[in-house]
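Quick heads-up: it's one chain on its own, the form predicted on its own, in structure tokens.
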């Protein structure tokens, strides 16, 4: 059971400085109340966090082909399924560091291909890192030192909502003079400009498809070339170019999952602009992403294999290919014959498929009708302890256990399947 912080007559237990696992920011200042297994955020935390913590625990038992089974029987069935599979796919990967380690160890054992739920979005950053490098910074640096922040096609109103409170307009910063004069710009659809209190972003409205053109125009102005813009659009971009020239430390922020198929090109153009600025002053980038344990999955894979996810253990050596080993592409091509899906932070259902499946995570509507095994698992940071890596990749934060609902971790279930592989 979670340790009670204070003895009083109130049946609720308050937990302070809680790290929230429901987006890559890992905000670690939440206050969460626990009352007989029910959780609620009482201070800090965004709407997304409040909904996730308040999500009721649904009683669930293991299922085999839609029928209730004991945990031991379900684990044995999952192991048999993997033994019979000639080419399994491990997808979702929505788990913490321990779960990712266990999944990768099992994948190596049975020659699986591994990919994350947000694999396509995460691959944008990886490919730019591989081809030209990334000059990135941290959340703390943005909060404390940046005097100019440019949101490049980034909508932080729903996802990453607390980035505004914690980094754009914090109550204090180490360099108070930079915080006082900080300017925030937004490139993208006007409806996606920040709406948080105190964030007066200067918006340069454009469609998502035009974001790349505006970044290239900024670079052209930086290099004293004439961009292909006219009228008010040219004036707005020139105003931003002037702000960049006057800044001491500019940070460009993007969200890979919101950039679509042109993500590589947009991020690459931003990185070229950052490199140009760094010839005479200071600038850096920051990617907001890594939800559902994505940043932790990539980091864990890199530690253990030297590669990010979207890799295959099927051959004599590891093979990394973010295009070939994409979940949707593999399923559409019939290139795999079974699916192991892990999703413990949110009830993301496994892709619709006729393949035998093992699903580890929250109850979903498809669990009772799927062909295969369903294993209910707890959520790291709510039902058991764990660790996740923040979106900036520089710190791993501990996740507490806030309630006791007798749900095992994904890591435990994956280790148990591995034991039964023989």
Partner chain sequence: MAGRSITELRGGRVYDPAHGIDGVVQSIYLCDGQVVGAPSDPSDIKVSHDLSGCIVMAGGIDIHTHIGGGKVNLARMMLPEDHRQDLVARGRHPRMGSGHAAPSTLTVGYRYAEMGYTACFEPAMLAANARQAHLEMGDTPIVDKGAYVLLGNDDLMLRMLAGKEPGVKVRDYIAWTLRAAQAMAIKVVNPGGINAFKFNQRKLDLDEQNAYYGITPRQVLLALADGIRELGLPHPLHIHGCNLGVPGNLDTTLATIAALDGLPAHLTHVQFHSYGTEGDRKFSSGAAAVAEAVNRSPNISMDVGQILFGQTVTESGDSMRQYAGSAFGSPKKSVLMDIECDAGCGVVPFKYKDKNFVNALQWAIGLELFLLVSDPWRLFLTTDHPNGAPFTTYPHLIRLLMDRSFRNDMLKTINPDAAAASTLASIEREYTLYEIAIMTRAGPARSLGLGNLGHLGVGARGDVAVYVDHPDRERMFTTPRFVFKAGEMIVRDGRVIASPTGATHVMRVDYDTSIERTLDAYFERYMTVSRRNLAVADGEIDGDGRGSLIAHGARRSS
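Remember, it's a predicted structure, so these values are computed and weren't measured experimentally. Positions refer to the first chain, counted from 1.
Here the subject shifts to the form predicted together with the partner chain, a form of this protein not shown in this document.
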| Hey, in the model of the complex, does residue 33 get a heavy atom within 4.5 angstroms of the partner chain? | no
| task | Examine residue 281 and determine whether its closest non-hydrogen atom to the partner chain in the model of the complex is within 4.5 angstroms. | result | yes
| Does residue 185 reach the partner chain in the model of the complex if we count a contact as any heavy atom within 4.5 Å? | no
| Looking at the partner-bound form in the model of the complex, is residue 172 within 4.5 Å of the partner chain by any heavy atom? | yes
| query | Are all three residues 144, 298 and 395 in contact with the partner chain in the model of the complex, where contact means a non-hydrogen atom within 4.5 Å? | reply | yes
| note | in the model of the complex, the residue from 157, 238, 138, 203 with a non-hydrogen atom within 4.5 Å of the partner chain is 138
| note | Note: exactly one of 246, 328, 352, 304 sits with a heavy atom within 4.5 Å of the partner chain in the model of the complex, namely 304
| Which single stretch, out of 93-101, 71-79, 340-348, 186-194, brings residue heavy atoms within 4.5 Å of the partner chain in the model of the complex? | 93-101
| request: Enumerate the residues of 148-182 that have a non-hydrogen atom within 4.5 Å of the partner chain in the model of the complex, in sequence order, or give none. | output: 166, 167, 172, 173, 174, 175, 176, 177, 178
